[in-house]
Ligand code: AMP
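Form predicted on its own, single chain, as structure tokens, below.
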């Protein structure tokens, strides 16, 4: 039986980074960048007005105030989306009407907002021809200079970044329509157990329970852009299990997750079934709680198989701390680092295993990160998940941890993004 560290080392030694693909921007949300991405344009692309008002030459407004306004003729007008049409020999002599976001015409170096202007005259089209300015300008006032947000070469995303809506905004603003990303692995999920019911409308019969593992595994993965197909439930029938696995091996599936049938009972048929199909079992059982029976195997053509225990929390731990690290490696990402939190109460365990505990972190009055181990740690109990916001890690060494000790915590689920410790 392997320690968790040795089991993880075995998993990570297996994986290679997946191939690269280019995705259109509108499909890139949640994908992982395959390269460092830099900007190629200036943003703003031109000097533009931050206000509705009038562009001026700042020195011409010297001394302007409410009691001593400065009168200027209006040379022209520009709205957002237009470019000021001036001749090559145009020399500004007064002011230029301008809207927010419109380009500032050559020769003007400041913008006076409309609230500080009185319009003295208009032409037949109601365009201002003469204004009175009631405040003094300075060079650059209310002007957004070209490149003050982004310049060519600015870093947008490091390699291995999960693309979020914030990145989409920057990429769209800079005209980057095709994004190089790592092609995500495709997964399949199988449940095992005669007692399981997949139909939510079905009235349970004695001995039956609802299948919560498949929805949890599939939706947890989907939340981070990983496609997982629900391949149904096998009712403790080894032949049908082998048939289903052979079917999946013929498809473009990189990882298969099963839940149940990996322990030592008479109906725990998965280990023998995998061997029969030529899979190499790289480890079976790890010194952890919950999830000790976890199994990891590889088929000859490279498909990976995780046999997760059937209890819901053991299955969740298997996904979180065994399958996710493999996926991160395949996506070219660094492995997560935990943060330290102060344990609020004494904790005692019955075996020298690594314990993954449902927990909730908080910040105390002194600004320190603290963590509570939640009641209801049995691997069949789902209710504590509703209060849980992290996993607390109780290490192998010793059987007790005193209140006030610093322990590792991980977020409830990976985000395939920056390390939790850097968030």
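Bear in mind that the values here come from a model prediction, so they are computed numbers and not experimental data. Positions refer to the first chain, counted from 1.
The following text describes the form predicted in complex with this ligand, which does not appear among the structures shown.
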Handout entry: this ligand contact in the predicted bound form: residue 333, any heavy atom under 4.5 Å
Key = no
Exercise for the section: Please check if residue 209 has a heavy atom lying within 4.5 Å of any heavy atom of this ligand in the predicted bound form. Expected result: yes
Practice task
Spell out, yes or no, whether the shortest heavy atom distance between residue 263 and this ligand in the predicted bound form is within 4.5 Å.
Solution key: yes
Exercise for the section: Although this ligand is absent from this view, report whether residue 268 comes within 4.5 Å of it in the predicted bound form, heavy atoms only. Expected result: yes
Practice task
Heavy atom within 4.5 Å of this ligand in the predicted bound form: which of 161, 303, 311, 78 fits that? Just give me the one.
Solution key: 311
Handout entry: Partner-contacting position among 154, 149, 242, 195 - heavy atom within 4.5 Å of this ligand in the predicted bound form
Key = 195
Completion exercise
For this ligand in the predicted bound form, the stretch among 281 to 289, 303 to 311, 333 to 341, 319 to 327 with residues bearing a heavy atom within 4.5 Å is 303 to 311
